[in-house]
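Form predicted alone, single chain, as structure tokens, below.
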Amino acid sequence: MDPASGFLPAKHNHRRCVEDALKTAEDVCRRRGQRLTEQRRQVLELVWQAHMPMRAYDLLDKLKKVHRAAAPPTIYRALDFLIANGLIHRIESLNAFVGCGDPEHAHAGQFLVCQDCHAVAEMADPGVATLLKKKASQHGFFALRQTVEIFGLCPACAENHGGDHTAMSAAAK
């Protein structure tokens, strides 16, 4: 299961996952007539290597290990490009970025965010997106973009709480 489309399973080929994401990004950019420059590719690789939401300045610190002259505008331009091309998503509440599990298709983002470890899983359920658009239109609102973030506990953190839904409910308050 891709880290951007579900919580990581116990057995996960991390290297293969990152390689697949980069190859997909190269293919998507080529088909769209976009340039995946070396720096953009490196930022995307850093996002995927983390398998966790990454903040811009954390990405910048990692990028500086390869490009000492990298500055905030460098990282923000790369992130803007990656978002615009559907290669990553911004998790608004964490002010962080995760790789997109399906950059081939434009979609609204629904994210499950673990409040303990901050792991993120992408749902990208078209039914949820359609329902939200319909409900918004009932209020005379035309939705242009959707990002839904649902907070709770990932499977590992839920297990650490012993599956005790009372403790989990208390943690949510």
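Source: prediction; values computed, not measured. The first residue of the sequence shown is number 1, and the count goes up from there.
Omitted here: the form predicted in complex with a further copy of the same chain. The next part is about that form.
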Answer key: of 70, 29, 54, 113, within 4.5 Å of a further copy of the same chain in the predicted complex (heavy atoms) is 113
Wondering, does residue 125 line up within 4.5 Å of a further copy of the same chain in the predicted complex on heavy atoms? yes
Using 4.5 Å between non-hydrogen atoms, is residue 147 touching a further copy of the same chain in the predicted complex? yes
Mark residue 35 yes when one of its heavy atoms lies within 4.5 Å of a heavy atom of a further copy of the same chain in the predicted complex, and no otherwise. no
Would residue 65 count as touching a further copy of the same chain in the predicted complex under a 4.5 Å heavy atom rule? no
Tell me the stretch among 100-108, 134-142, 56-64, 43-51 that has any heavy atom within 4.5 angstroms of a further copy of the same chain in the predicted complex. 134-142
